[in-house]
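Single chain ahead, written as structure tokens, the form predicted on its own.
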């Protein structure tokens, strides 16, 4: 039987133990499957277990490694995938009752690429129905039930990658793949106290992933550490002929590069004005650590654009288009969250001029942030203004008066920029807080290097929830 601490080790350490034959891929995979089966329901984190194929792949990995055919640090490492990624012969439900029996006869490109790297898919993980595209306003927005935080199950694990966030936090899988359209990697990473990386738009193929918003959707890793996310992203990134939006530029990564110089960090003006006291305190402490590594400039003016309204118009219109058949058939009535049952209809009524104006704004928005990144290497801010929302309340009722400030998540997604969320402490009800770094396109290496340096000087990423 494996030591429980094993399930909270970084991917790099697990990979080293597997490579040196101190840890069996079969034993690790079987133990993760058992934990997913035993604990996954506690957090409503699991849709489907892949026991038979996972154990088959684990045995093959063990034989390959014994014969000297070691593929790299992900070889023999189990992982979970948000249930919007196609997996041959297994239901891919998109978190929504109308699709709970949907089965594809192919694998998503990221699943194929991770398999080529030797990683083992052990579970399809829960998500908010249709990745939140119908405008959900409550944690209970999936046929699997509300995603719950392993730190306190009275609170939400975050959306729409609710299952990946909870599963990594609880040590059910070493890493997981989530998706982000406007916050769905960063938010569950923040609420669950794990590390999440949103890559540059187009860096990772979306072939085989549910389309919500084709001009915004991105796939990325969630793991224990920034280094974990870098390792996983390197195996996923690169051109895919099956995804016309994918880019030739990949992501080469063997490990965090030493900081060649002190990065220039911008703290936007107002980022701590309407946040919970613990979020502010933890962020200030984090800036102290980052100040040892980088030059920090506070109160930097943030470009004045309607970031939130623009992303809402684009997600509403493109989401309604993506699910027009579902909306027109009336089967939206089968969705779990009451707001989702009519939110799609509102999306179909967004005027074309509003959508086009929002799309046109993206060019000056990108220029404004490009100008900002001429002066600074990265932007740093609290990932979320609060800890996780109570699972039994509408989001707007969770923390009155909290929120506002520069819309960094909306801005980063509208401009296709990468971001990294790392845990930085705890707040109300024993729930995690988080800080995020955002950079210009293809700055993932810089973010991972600084995130790793920060995590070398803190231990929030190494904490584990009670009862896990």
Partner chain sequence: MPDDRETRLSERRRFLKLLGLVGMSSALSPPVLAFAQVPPGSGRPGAPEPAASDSAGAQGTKPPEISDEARTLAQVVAKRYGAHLTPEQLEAVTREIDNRVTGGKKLREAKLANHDEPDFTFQA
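Numbering follows the first chain given and starts at 1. Everything numeric here is computed off the predicted structure, so don't read it as measured data.
The protein also exists as the form predicted in complex with the partner chain; that form is not presented, and the subsequent description refers to it.
- Taking a 4.5 Å heavy atom cutoff to the partner chain in the predicted bound form, the contact residue among 73, 146, 316, 382 is 316.
- For the candidate set 199, 347, 78, 208, a heavy atom within 4.5 Å of the partner chain in the predicted bound form is found for exactly one residue, namely 347.
- With the partner chain left out of view, the stretch that reaches within 4.5 Å of it through heavy atoms in the predicted bound form is, among 23-31, 404-412, 36-44, 53-61, 404-412.
- Contact check at 4.5 Å (heavy atoms) against the partner chain in the predicted bound form: all three of 357, 367 and 396 pass.
- Using a 4.5 angstroms threshold between heavy atoms, residue 260 stays clear of the partner chain in the predicted bound form.
- Put simply, residue 339 is close to the partner chain in the predicted bound form: some heavy atom of it is within 4.5 Å.
- Heavy atoms of residue 131 reach within 4.5 Å of the partner chain in the predicted bound form, making it an interface residue.
- Taking the partner from the other structure, the partner chain in the predicted bound form has no heavy atom within 4.5 Å of any heavy atom of residue 102.
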